[in-house]
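In structure tokens, the next block holds one chain alone, the form predicted alone.
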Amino acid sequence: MNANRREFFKTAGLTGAALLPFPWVQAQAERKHRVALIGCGWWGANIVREAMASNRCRIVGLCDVYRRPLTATADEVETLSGEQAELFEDYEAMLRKARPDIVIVATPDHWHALPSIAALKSGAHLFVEKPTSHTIGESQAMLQAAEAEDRVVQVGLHRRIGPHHRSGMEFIKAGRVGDIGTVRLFVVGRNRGGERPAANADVPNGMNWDLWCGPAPKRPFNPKITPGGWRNFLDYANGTLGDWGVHWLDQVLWWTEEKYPRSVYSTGGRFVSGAAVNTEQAATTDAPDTQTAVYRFDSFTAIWEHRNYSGNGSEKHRIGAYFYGSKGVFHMGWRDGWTFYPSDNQESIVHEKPQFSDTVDGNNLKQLWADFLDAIEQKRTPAANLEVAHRSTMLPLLGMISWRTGRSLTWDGERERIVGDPEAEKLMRREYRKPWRYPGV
């Protein structure tokens, strides 16, 4: 933090000493949850802001392998709270030294499992971003650790608590749509053509690229990967199905009483983006730009569709889920709220506008964080708990395994096993790069 800003806090009476002039204020501050963040990028910083805004938390540790977002988040924490959090590159050192009550994991997907499990074993409660993990076995290990340590875990599926999502779900569950036989979930992008490779580059100053890659394969640094682009690199995430699909497939599991599908089949490719490139000189993304995944449940079929191109306004809704029922069609949307189109033309269309705590990003993170703290303090299960998020994460991960193998998978949801396909079942896990070890179940 620069000298001018520090002088401002002194003048304004916002230093740590000035914030605690009386014993009762000190006691009140000590009752706040001690919070640490792993992953100080855009979304991690958003979560930390909500933690501070709640006035129920104190940020005691920040961890990132890249110095730039780490120090930027630290400056913001000090600006907003007048307190300095300790900075770390190693999350294990942070857990030992900062001793947080709550840990936020907002890293790329390939770094969700290990720090989450370490946080739980340290005794901390956990707020981890969606999807729960990069592979099925990691999510299983996270769930086992949460159960063993009896900690509260909230996953960043903020649609679980969004006002218009909740009212829409009540509408469906009340039978207003009738008997539902099909759910179609979709995202349509706006890209217009092929993807050109970007030249690999020197690692930015202050970034530990080896640690950023961590247990995943290490490839040359490329500016397409970070920040944000890792979502479409399959070493680190699972493309649009893993990123967007988990939100909308979670809506299906929220609605139905069935906990898992019987079979999964996915197909697609890079039909517009072109073949993936990964050389010592340059790279493109490698996730499919077009994908369909079919999930057969006992009483209905759910179909995921995405294409990362051709979004031209020709379709009424670009994102969301259509629930096709005997009384009409219900669209659960994002920034367009929800709408019911009745089969009977004599009935009126029913619509509810969207409601967000953050209208810029279109999320309800504030409510999700408050629910998380309430769950800790009231010793109850939070809205987007790890068990439901784990089941929702299984769906996109199974879809990606089917896409990789090119065949349908039979899923034993009780035992969480792929039946009769050893090659596909191996893809539920992956080899970690040394010295990291894949978490055991």
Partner chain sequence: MANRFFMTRTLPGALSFWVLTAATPLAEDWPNFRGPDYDGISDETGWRKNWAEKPPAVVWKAEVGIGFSAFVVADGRALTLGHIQDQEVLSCFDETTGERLWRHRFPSELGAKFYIGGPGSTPTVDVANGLVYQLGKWGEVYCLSLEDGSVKWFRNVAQEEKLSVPSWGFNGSPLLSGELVVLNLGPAGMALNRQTGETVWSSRGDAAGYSTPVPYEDIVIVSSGDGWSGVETLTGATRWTIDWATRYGVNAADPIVWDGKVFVSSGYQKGSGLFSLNRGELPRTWAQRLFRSQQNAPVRLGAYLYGIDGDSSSRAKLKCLEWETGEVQWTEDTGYGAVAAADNHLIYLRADGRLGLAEASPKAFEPIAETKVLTRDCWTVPVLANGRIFCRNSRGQAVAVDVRTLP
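Positions refer to the first chain, counted from 1. This structure is a prediction, so every number in the text was calculated from the model and none was measured.
The same protein also exists as the form predicted together with the partner chain; that form is not shown, yet it is the one meant from here on.
The partner is absent here, but in the predicted complex a heavy atom of Asp75, alone among Asp298, Glu92, Glu170, Asp75, sits within 4.5 Å of the partner chain. For the candidate set Arg96, Arg196, Lys316, Lys353, a heavy atom within 4.5 Å of the partner chain in the predicted complex is found for exactly one residue, namely Arg196. The stretch that touches the partner chain in the predicted complex, counting heavy atoms within 4.5 Å, is 34-42, out of 34-42, 373-381, 410-418, 52-60. If you check the partner chain in the predicted complex, you find no heavy atom from any of Arg166, Gly178 and Gly181 within 4.5 Å. Taking the partner from elsewhere, Lys259 is found to have every heavy atom lying beyond 4.5 Å of the partner chain in the predicted complex.
Although the partner is absent from this view, Thr71 contacts the partner chain in the predicted complex, with a non-hydrogen atom inside 4.5 angstroms. Shown alone here, Asn205 lies within 4.5 Å of the partner chain in the predicted complex, counting heavy atoms only. Although the partner is absent here, Gly229 sits close enough that one of its heavy atoms falls within 4.5 Å of the partner chain in the predicted complex.
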